[in-house]
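First structure 1, then structure 2: two forms of the same chain, each alone, as structure tokens.
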Structure 1
């Protein structure tokens, strides 16, 4: 397409109309004298409708609109890891250098450094026939993360020339017989999913180290989870905790329309925290997008796509990637705001009619796949949802739950009691449950699923009993039911509750999760046995070992401690009468 120039016709907030353009939908254009980055989002008669990723203050009718002839792309290549971007992949630290502490307009900065030299090691050689997605060489991007330089998804051929050595991302590292010159960098339109070969069934859990998740509502590698909750119920803390401890190779954290100080917190913490699997700073495996609530909404709308595109790129290298989006509601609101400026026909609660479709398209980009090259990689997505008034019947929550397979329902009643994570154990679910059971049996314990079901049953019974207690008080309950209440309390307080801020308890390995629950269930069995023997409930409930059990989870090297407590429990029950 010939690249031309049009003129601004109208400006109303982030939406601009222009005349004299030939650009296609979703092409990038540069608006006004300052060349503000913008995207075509509608064409009506002789006018193009444009969303501008930056403030439009001062932009006037008649100012130029320059076409670029290409859509918004992500820059993909070595140097993405450890980056902190805004919603359109501009590195924020470079923006500070260019324009100071406040974000100013009209700046263009490359998503990755184009000058930096990387040591490229060719793995393909002259004469090789190379297919889309095939690795032709590698770069050691981080100490432990090898970056595969792959054939672009739409390019194949026979290698005429390929060289190892020090190159920047623009240098040609490989030439094909047909004359195509390949640099390390790839450009990919963010709104289009990168292709893979086959989507595989989810059969491997994503280990998060969070008992309520791994134990009750686990996420599969390549799966999708929604975490809806009113403000202050723990969405952000959960997403940050998952980003810290999950057993994935790469984390893409998208802060979409949320707080600046939260991003500052994350940016200070990640370089300091160490990945328990590798002993390396978490930042080395992370990519952060920070398009906070006060940054332009159009860039917020784009941030989800930019984020998932970088996630796909690392998946294509065969990595397990997790993308968290905090919050998808702010993304939906950005869509709503732009849609209303476009004067589109509003759907439910003012959201555009295509809300459900956009959400589905996004979550569809998750999955465990066989890559084009034939290796295996995955993207798991965890999306926070911020329902107005904490009411889950609103459109974004409802449309999301139609798509995601795991539902972690945050409950403000639990929050008020400072029970964290405030995931409601009765309302939440994981549809991966059955598919993951064999893995746990094989890799953790044959009793994993059995114990989980027992604990669930106790909690269910507890919920029913609590209703009765509300009417008659707990003393009026039969003794066995009083025991059940206490065991449920133990499961809730000693096992489900887990502070993200406790240095030890923030992460709980599978084995420890299992052992702790097992100990509580053992207590239950002993207690009921004692009751059958005729021991009064207040004697049973007075066992000191029960309270000692509360603190085992806070101990790093917990096994000796747990052995001590269970031994104590055993002897207490033996002598009890």
Structure 2
């Protein structure tokens, strides 16, 4: 395409109108004398509507708009892991080197280092016919992450020559017989999903080690989850815990429009987190996109799309990836601001009518897939939502719930009671339950699903009884209902509550989750049997084994301790009269 230059016609905050351009929708253009990175989002006659990813202060009509002839692309290749980027994939350390602590406008920095040499090991050879997505070589990007150098998704052919050795990402490592030269770097349009062969059914759970999630509201590998919650309900700690403990290979964290001090804390804390599986820094398998609330609003959308494109790239290598977006509400607010400047007809609460469609486009790029090469990879998306005032009926939360299949509702009342994770067990749900049941039966216990349902029924009955207790007190309840309240309290305090900062309790394997819940339900059954024999409620509730059960979750080698407590429980109930 012939690259030309147009002129600025009108400026309204991050939205610019230009004339004299021949660019297509979503092409990248450079606005003004400083060449501000921008994207075309609308074309009406001879006028192009452009959203600018940088501050437009001082830009005036008549300034040049330079075409690039290409859309906004992500740079994909060795060197992405451990990186901390801004919203448009500019590495923050390089921005600091280039312009100090305040980012200069019109500054372009490559997303990955084009000069650094990598040890490339060819796995394909001369004469091989190679298909899209096929691995032709590898690079040891991190100690435990092997970076596969793949054929671009739109390229196939026969290898004429390929070499192992030290190369930078722009050097030619492979030449096809048609003359196509392949470097290690790939450029991929961020708004276009990378192709895969087959999208698999979500039949494998994503292990998080959090009892309330794994036990009640499981997320499937390749699934989507929403974490809505008001200020201070623990969204960020929850996402850090998931990043640390989930059984994924790569973590992509997108801080989309969050407060600067929160983002600064994260940038200091995240590199210090230790991966419990390897005792290596978690940052070695992580990528962070930091886009704070004081940055231009248009860049929020770019950070979301660039993040998911990066996740797809590692998925295509056969890795399991988790992408966390904190928070999609800030992206929606950016859409609302841009929509109003474009004078579009507003939808509910001023959000654009296409809010749901944009959110769906993003979440639909998740999934467990068979890649073009035939391996299996997945992207699980966890999107935080920040509803104003904790109101879950607002449009962003409601549109997100229509798309995602897991809803972890963070409750400010639980936060005030210092119950963490503050996921409300009555409001939350998972639509993956039925699909995951066979896996839990086969890999954990045939009673997993039965015990989960029993515990949930107890908690639901407890919620109804608590309303009566608030009016008349617990002493006015029948004895069997008093026992139900106590068993529910045990489930809530001994099983659902979990400390992210305790060295043992921060992670709970499936078997331990099952054994702890089974012990609580055994206590419940023995208690009701004793009550039927005429044992007074205060005697049943005074058993020492009940309180001993609370400490088992804090013991690493818990099985001997649990066996001791259950034997004590059995002995106590046998001697009751």
Partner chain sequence: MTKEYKTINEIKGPLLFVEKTEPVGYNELVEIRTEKGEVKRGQVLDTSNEVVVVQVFEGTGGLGKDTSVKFTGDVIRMPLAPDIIGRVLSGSGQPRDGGPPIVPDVEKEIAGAAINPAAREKPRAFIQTGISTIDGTNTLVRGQKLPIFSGAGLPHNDVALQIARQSKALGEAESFAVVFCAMGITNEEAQNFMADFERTGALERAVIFLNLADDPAVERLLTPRLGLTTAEYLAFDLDMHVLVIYTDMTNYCEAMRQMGAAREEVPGRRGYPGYMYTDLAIQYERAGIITGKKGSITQFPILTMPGDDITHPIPDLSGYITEGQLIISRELHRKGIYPPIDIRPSLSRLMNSGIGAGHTREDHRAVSDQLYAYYAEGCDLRGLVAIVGKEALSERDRLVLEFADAFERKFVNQGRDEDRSIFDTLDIGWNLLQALPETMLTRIDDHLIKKYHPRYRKKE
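None of these values were measured; they are calculated from a predicted model. Positions refer to the first chain, counted from 1. What we label the rigid core is the largest C-alpha set whose atoms superpose within 1.5 Å from one form to the other.
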| remark: Same chain, two copies; the copy that is the form predicted on its own is structure 2
| query | By the 2 angstroms cut-off, has the C-alpha of residue 528 moved between structures 1 and 2 once the rigid core is superposed? | reply | yes
| Is residue 506 one of the residues whose Cα moves 2 Å or more between structures 1 and 2, with the core superposed? | yes
| Threshold 2 Å Cα movement between structures 1 and 2 at residue 550, rigid core reference | yes
| task | Could you check how much the CA of residue 564 shifts between structures 1 and 2 after a rigid core fit, in angstrom? | result | 4.9
| field | Core-aligned Cα shift of residue 517 between structures 1 and 2, given in Å | value | 2.4
